[in-house]
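Listed next as C-alpha cells is one chain, alone, in the form predicted alone.
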Amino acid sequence: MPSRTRVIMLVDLDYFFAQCEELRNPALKDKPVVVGVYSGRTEDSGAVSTANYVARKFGVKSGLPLYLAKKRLEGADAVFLPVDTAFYEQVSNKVMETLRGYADAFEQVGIDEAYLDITQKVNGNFDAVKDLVQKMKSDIKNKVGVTFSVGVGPNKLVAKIAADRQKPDGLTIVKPEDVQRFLSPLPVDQLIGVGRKTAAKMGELGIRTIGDLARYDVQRLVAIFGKKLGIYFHNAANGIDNEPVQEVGEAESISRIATLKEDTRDLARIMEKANQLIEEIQRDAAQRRVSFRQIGVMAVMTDLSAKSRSRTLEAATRDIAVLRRTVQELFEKLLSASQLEIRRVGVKIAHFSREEEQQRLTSFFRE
C-alpha cells in the first residue's frame, strides 16, 4: 500500500439524541421516541430533532413538524421529549474522549460526528480496519453504552458518504481501488454540497448519479457553476478530496467558550458572559506577548446549531476596549440573523503578531 494512501474514518453516533434518552431510560428502547425542538407557541409547535428507528418506521424523521409526527404516531405509545443539550453533551464528550485514543489525527465536526485519521494505527492497511472498528465499538458500548455507524475510505468525502450506507451500528469500508465503483451509482444529491436546487439543475443537464457527474465535462461544469464549485463537483464525483483531518481551530488562536446560565437573546446578558471570556483571553494574550488582527465570536443556539461571525482589523492590537466593542458588534450581527436563543457563547482572537515568532499557540476551549 503506498505510504501516501490515507485511511480515514467518519464516526456517526446513531440517532444520537433519541439514543441518549434510551440510555437514560432503557424502558424507552422498544417505543417510538421523538426528541423535538419546541418553539413554545403552542404545545405541538416545533420540529423533530431526532427520532429513533422505531419512530422512523412510521415516517417520522428530522425536520418533520411535531404536530405531524404526533399524527403519524397516534396509538403507537410514542414518547415525545424536549432537547436536553447538557445531557447529550456529557454523553458526546465521553465518546469523543475515547475515540481520540484510536486516532492519529482527530476532528470533531458535531456533537455526534467525528473524523479519525487511522492511517498509522492500521499501517495503511484497509484489511486491518474491521478489527480496529470492532474494538472501538465494544469499548464505547462498555464505557458509554451507545452505538455508532462508521464509514471508512481514503479521504473524508468518501468516509462521510460511506457512513450513511449501513445504519444503525454499521460499518462500510471503501478501499481506494473501489471508490469509483462505490460512488458511481449513488444519486448525485448524496454528494456533499449538492442540495435540492443544485440536484434539480444537474438533473436538467442529465446528471442524476455521481457517476454521471464524474463523466461530465469539467469545463462545462465550471461554465455553469463557477470555477470553485465546478472543479469541486468534478473532483468530488471522482472521489478526490485532499482535506486533512485536523482539530478544529488548530491554526494559531486563543479562544474561550462558556455556557450561559439560561438560554437568551438579551445582548446585555450575552455580553456579561462574553466580557469574562474577553478578560481571560486578553490576559492570555498579554502573557504570551501577542497582538491580534482577527476577532471572532461563536454561539451555540437552542437547536444546537453553531453560528459564528468574525472581523479582521486593519492593524494588530492588544486593546481590550477594541476587543469588547468588536465582540459586541459581532454578537449584534449574529442575533439579527437568527430568531433562536443562544445557549453557549465563545470568543476567539487570531492572526497574531509577536516578539517571539517561533512560539506556537494553539486554540483551546475552557468551560
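One-based numbering along the sequence shown. Everything quoted here is computed from the prediction, not taken from an experiment.
As for the form predicted in complex with 2'-deoxycytidine-5'-triphosphate (DCP), it is not shown, yet the points below apply to it.
- 2'-deoxycytidine-5'-triphosphate (DCP) is not drawn, but in the predicted complex it has no heavy atom within 4.5 Å of Glu22.
- Contact annotation for Phe352: none of its heavy atoms lies within 4.5 Å of 2'-deoxycytidine-5'-triphosphate (DCP) in the predicted complex.
- Contact annotation: Arg318 falls outside 4.5 Å of 2'-deoxycytidine-5'-triphosphate (DCP) in the predicted complex, judged by heavy atom distances.
- Though the partner is left out of this view, Lys175 does not reach within 4.5 Å of 2'-deoxycytidine-5'-triphosphate (DCP) in the predicted complex, counting heavy atoms only.
- Remark: of stretches 56-64, 299-307, 338-346, 22-30, the one touching 2'-deoxycytidine-5'-triphosphate (DCP) in the predicted complex is 56-64 (heavy atom within 4.5 Å).
- Interface residues of 147-179, taken as those with a heavy atom within 4.5 Å of 2'-deoxycytidine-5'-triphosphate (DCP) in the predicted complex (partner not displayed), are limited to Lys167.
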